[in-house]
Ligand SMILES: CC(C)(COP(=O)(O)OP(=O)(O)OC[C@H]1O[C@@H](n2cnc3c(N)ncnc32)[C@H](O)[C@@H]1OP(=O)(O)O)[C@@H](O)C(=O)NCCC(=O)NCCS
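Next comes just one chain, in structure tokens: the form predicted on its own.
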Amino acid sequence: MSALPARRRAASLTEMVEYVLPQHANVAGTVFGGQIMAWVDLCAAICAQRHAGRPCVTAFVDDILFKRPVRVGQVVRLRAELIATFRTSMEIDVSVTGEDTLTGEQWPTLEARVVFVAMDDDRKPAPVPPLLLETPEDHRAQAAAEERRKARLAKR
């Protein structure tokens, strides 16, 4: 049992919007995958730090699935949500949506799962508050994340 009080998922929910400019795009006029990954990392970092109340670093990127590109002049919308907590780490899902602001069309662009570790003042892993599990879905998500964590650690 953690000495830190549990925190609600909504308290760390993070949303970002990025406008795709020519410097973000490849020769086909679509945003670089690496640029979207950088935005994913940034959005997830803010989410992790909001939950932990301290600096956090990326430890692992579990899944990234690109679905549909976003072009110059369109918008990238990111949403990071805490899925599970462990002793010093947190699993965060990030969904990315493309948007054409001229037509209002929106489409799924990317999904990613990222693990962050909280750091203390000496840059050592620090305990994180547990996630307040309020619904059956919250409990299922935590249990599934624990299974993914076991699989990740078994590969070490």
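Keep in mind that what you see is a predicted model, and the values were worked out from it rather than measured. From 1 onward, residues are counted along the sequence shown.
In what follows, reference is made to the form predicted together with the named molecule, a form of this protein that is not presented.
Among Val117, Pro125 and Arg152, does every residue place a heavy atom within 4.5 Å of the named molecule in the predicted complex? Every residue of the candidate spot has a heavy atom within 4.5 Å of the named molecule in the predicted complex.
Check Thr88 for me: does it contact the named molecule in the predicted complex (non-hydrogen atoms, 4.5 angstroms)? Although the named molecule is absent here, Thr88 would touch it in the predicted complex, with heavy atoms inside 4.5 Å.
Heavy atom to heavy atom, is Phe60 within 4.5 Å of the named molecule in the predicted complex? Phe60: contacts the named molecule in the predicted complex.
Report the stretch among 65 to 73, 97 to 105, 32 to 40, 51 to 59 that approaches the named molecule in the predicted complex to within 4.5 Å, counting heavy atoms only. So the stretch in question is 51 to 59.
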